[in-house]
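Coming up is one lone chain in structure tokens, specifically the form predicted alone.
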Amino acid sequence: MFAKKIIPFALAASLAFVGTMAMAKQTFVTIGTGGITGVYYPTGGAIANIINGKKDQYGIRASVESTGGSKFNINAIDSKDLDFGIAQADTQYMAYNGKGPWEGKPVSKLRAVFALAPEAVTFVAAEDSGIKSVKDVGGKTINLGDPGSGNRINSMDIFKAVGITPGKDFRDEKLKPADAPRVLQDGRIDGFFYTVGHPNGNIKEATAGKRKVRIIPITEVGTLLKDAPYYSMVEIPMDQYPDATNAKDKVKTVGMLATLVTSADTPEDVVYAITKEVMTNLDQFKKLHPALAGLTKESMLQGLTAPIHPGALKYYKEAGLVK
């Protein structure tokens, strides 16, 4: 009788120990994204959904945080407030190499994981402002994006390339992307910049209001493409914005890739698992947002201007994507 009582107790204790060990092995990671109306936030959510679907296999639970964007995410990774973040290829380049906002203070532990959707520097302007190019902003009020955002960095790069000084030649606003369409429609600004993948809800909101709006081509960029090789010329698919006054035009602009980044301190097995699951479920991943539709495994290895994390590299070698 005594033995029969002992066995269930021992078994229960053993199961409790196993359960405790399983809980101890759970790894929680946070992915920094951007504003909830942009592409970063749903993209981060898509990555989290895929890895959370395999939580029993990997013991990884991912959550998503809406943030100020590229610069914020990289700084938060550096300070260990975030594990992963989405950042533009240019911001990744500057942070790792100690340029721009990180002049003389490189984020040496920054590591690339994979590239995501291409992003276009999108200049939206009210039709009644008379703006038809980036050189028409004299005396106007233009939102370049909130401090620390990739939007601001890109717009400043473009104005520097064409010899225009924000704050001097025009009034420079510092609104978040989510606020810009409403403020444009209210007549308080003449235009705004937003570096984003398309289609985008903010741009749709801006073009669908009573105040008529157009998307401005950005083709006069001087030596920008030579000086900053992470930029390239891209085209905004205007059929996605039928209410824009130039909806039938082909709008060329400057763009770059969004990328997923992390720290060299992030465990190799965690980065490997996330990389493998996104890559092997790429068809499912691409369906989670229209901006991801054109992704290929090969394109996801472009625009990585920081060293690739060993965990990601392990998968790429296994998959034959790198030698």
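It should be emphasised that the depicted structure is a prediction, and the values quoted were computed from it without experimental measurement. When you see a residue number, it is the position in the sequence shown, counting from 1.
FYI, the form predicted together with a small molecule isn't displayed, but the following is about it.
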| item | value |
| --- | --- |
| The small molecule in the predicted bound form reached by all of 38, 88 and 196, non-hydrogen atom within 4.5 Å | yes |
| Proximity to the small molecule in the predicted bound form (heavy atom, within 4.5 Å), stretch among 124-132, 143-151, 183-191, 222-230 | 143-151 |
| Distance check, residue 68 to the small molecule in the predicted bound form, heavy atom within 4.5 Å | yes |
